[in-house]
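The chain below stands alone and is given as structure tokens, in the form predicted alone.
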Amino acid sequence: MDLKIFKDKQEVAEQFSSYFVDQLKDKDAFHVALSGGSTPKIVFDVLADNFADKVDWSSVHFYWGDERCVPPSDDESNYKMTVEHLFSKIEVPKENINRILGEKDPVNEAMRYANLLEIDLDRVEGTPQFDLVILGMGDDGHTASIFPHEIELWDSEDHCVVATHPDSGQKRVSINGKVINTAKEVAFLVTGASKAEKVKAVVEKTEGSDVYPASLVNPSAGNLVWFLDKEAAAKLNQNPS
């Protein structure tokens, strides 16, 4: 695993954006699973501001690692946030944007989206393979929308699952662990002091950390990169700051 630690959330977003654009070089088609959250929002702003006309966006195919089961006009929608901060500011073909239909029945939509991934992406032993999966991590150690109380969803037979938020009960559609770990590259974007305890547990594999879904991220291709700010990395033994 590659740990990259930066001063603050803004620098994380700038450095990740450069990394992302480097990944696209010389690729005829690049399939990425996006994440919601406050750090990706800044990433999308940086990509739009600095790279709108420097990238051939027609070669990038956008998907989501998870989505809240709300309409695309809802402020909770990961899709809506991406439209506002990125898609509305770049030239990207509509057919390259493959959203999870949060307004549909969650079970049917999870099946539809899994089928879409199986058709659109190359498969490794039957599992769809993204070029890059972008992940966040919650204060509780969840990633994508797989939460500790439903950690068994990680190993689901289905490539997309229906998850339930532990507090609000909100339904989510999420890719499963096999899809995450089959990706050619996986990048965590984690910022803020509230994440420091779980970052330490997951990165250093401390005793009991296997109850956190984020601890199960271990791509078989071997390419796992953590983009952290100093606050999120504060409790790591190898924190250079």
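The model shown is predicted, which means the values in this text are computed figures rather than measured ones. Numbering starts at 1 and follows the sequence shown.
Note that the form predicted in complex with a small molecule isn't included here; everything after this is about it.
Peer 1: Pick from 100, 133, 161, 137: which residue has any heavy atom within 4.5 angstroms of the small molecule in the model of the complex?
Peer 2: Looking at 100, 133, 161, 137 one by one, just 137 meets the 4.5 Å heavy-atom criterion.
Peer 1: Work out which of 50, 59, 38, 206 lies within 4.5 Å of the small molecule in the model of the complex, going by heavy atoms.
Peer 2: Of 50, 59, 38, 206, the residue with a heavy atom within 4.5 Å of the small molecule in the model of the complex is 38.
Peer 1: So if I measure heavy atom distances to the small molecule in the model of the complex, which of the stretches 143-151, 124-132, 83-91, 109-117 falls within 4.5 Å?
Peer 2: Selected range: 143-151.
Peer 1: Determine whether any heavy atom of residue 31 comes within 4.5 Å of a heavy atom of the small molecule in the model of the complex, and answer yes or no.
Peer 2: Contact with the small molecule, no.
Peer 1: Taking the small molecule as it sits in the model of the complex, is residue 198 in contact with it (heavy atom to heavy atom, 4.5 Å or less)?
Peer 2: Outside the cut-off, so no.
Peer 1: Can residue 178 be called a contact residue for the small molecule in the model of the complex at 4.5 Å between heavy atoms?
Peer 2: Taking the distances in the model of the complex, the answer for residue 178 is no, it never comes within 4.5 Å of the small molecule.
Peer 1: With the cut-off set at 4.5 Å between non-hydrogen atoms, does residue 68 touch the small molecule in the model of the complex?
Peer 2: Residue 68: yes, in contact with the small molecule in the model of the complex.
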